[in-house]
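Encoded as structure tokens, the following chain is the form predicted alone, with no partner shown.
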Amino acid sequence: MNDARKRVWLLGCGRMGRVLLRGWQRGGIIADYTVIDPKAASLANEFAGAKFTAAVPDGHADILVIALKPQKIPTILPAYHRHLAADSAVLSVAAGYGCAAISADLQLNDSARVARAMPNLPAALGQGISGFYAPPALPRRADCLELLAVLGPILELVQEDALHAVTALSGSGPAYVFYLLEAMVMAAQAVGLSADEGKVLARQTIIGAAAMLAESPDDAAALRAQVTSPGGTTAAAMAVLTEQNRFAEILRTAITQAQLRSRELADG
């Protein structure tokens, strides 16, 4: 997006809105940015190079990025109907609020101009991943993808419904990793280490293992096999985790529940 005349309106500047704005600035994406948020006055001191307002701006947006809590969308979005041109695109990062509902709130004829994305928390470091769904006729598709690319890789989806699974796996996924670290620290104390010692060891173990996944051509199963010597300590631990597929089954159940909850939220 090399044309500064393109107008990007960011509707909502909470946690994900801030992640997006920082990413756009960090990535050097040139555009005319307007941020609409009730806390506009304080945000203006935090970010340079963007306009901030608490009210609906004048003019129109080429890309309207929705970063609101889903429950706020129906009351806020209708005011933006007259601020979209015929070729404007809408990109939502709000969880569980579908393209059809967004299109209805904006009084559009159909949802062909609405795309949805589900980034996850590491996007704050440019290390996230985003599931992305857009109808084939979405205007400014390349621009929307460029705005997302600053957060990390993008997985383009064929069906919007797949975003529920993305939410359950990668959207909620960082919490699973953080909980694994917490559990490892508790286990460390059970085998005689202090909480601080456990935190240092568990934290760096997870960081190091993730770095190996990033750098190695091998997949997770192959890397696990490299660590698991027959009859060794890792084999003893893995025998517990894989007994009756218990660890994988717990994770499958957890992710399925997250997917169901995502659908419930979407249904209101």
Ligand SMILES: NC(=O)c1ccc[n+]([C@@H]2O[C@H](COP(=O)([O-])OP(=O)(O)OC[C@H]3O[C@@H](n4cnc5c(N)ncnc54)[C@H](OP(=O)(O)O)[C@@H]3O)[C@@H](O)[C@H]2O)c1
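These numbers were taken from a predicted model, which means no experiment stands behind them. One rule holds for the numbers: they count along the sequence shown, beginning at 1.
The protein also exists as the form predicted in complex with this ligand; that form is not presented, and the subsequent description refers to it.
Heavy atom within 4.5 Å of this ligand in the model of the complex: which of 39, 224, 26, 51? Among 39, 224, 26, 51, a heavy atom within 4.5 Å of this ligand in the model of the complex occurs only for 39.
Choose one stretch from 98-106, 180-188, 131-139, 111-119: the one whose residues place a heavy atom within 4.5 angstroms of this ligand in the model of the complex. Selected stretch: 111-119.
Just to confirm, residue 93 within 4.5 Å of this ligand in the model of the complex by heavy atoms? Contact with this ligand, yes.
Although the partner isn't part of this model, could you tell me whether residue 21 comes within 4.5 Å of this ligand in the model of the complex, counting any heavy atom of the residue? It does not: once this ligand is placed as it appears in the model of the complex, residue 21 has no heavy atom within 4.5 Å of it.
In the model of the complex, residue 84 touching this ligand (heavy atom, 4.5 Å): Residue 84: no, not in contact with this ligand in the model of the complex.
Can any non-hydrogen atom of residue 252 be found within 4.5 angstroms of this ligand in the model of the complex? Taking the distances in the model of the complex, the answer for residue 252 is no, it never comes within 4.5 Å of this ligand.
Within 54-75, which residues come within 4.5 Å of this ligand in the model of the complex, counting heavy atoms only? Stretch hits, in order: 67, 68, 69, 70, 72.
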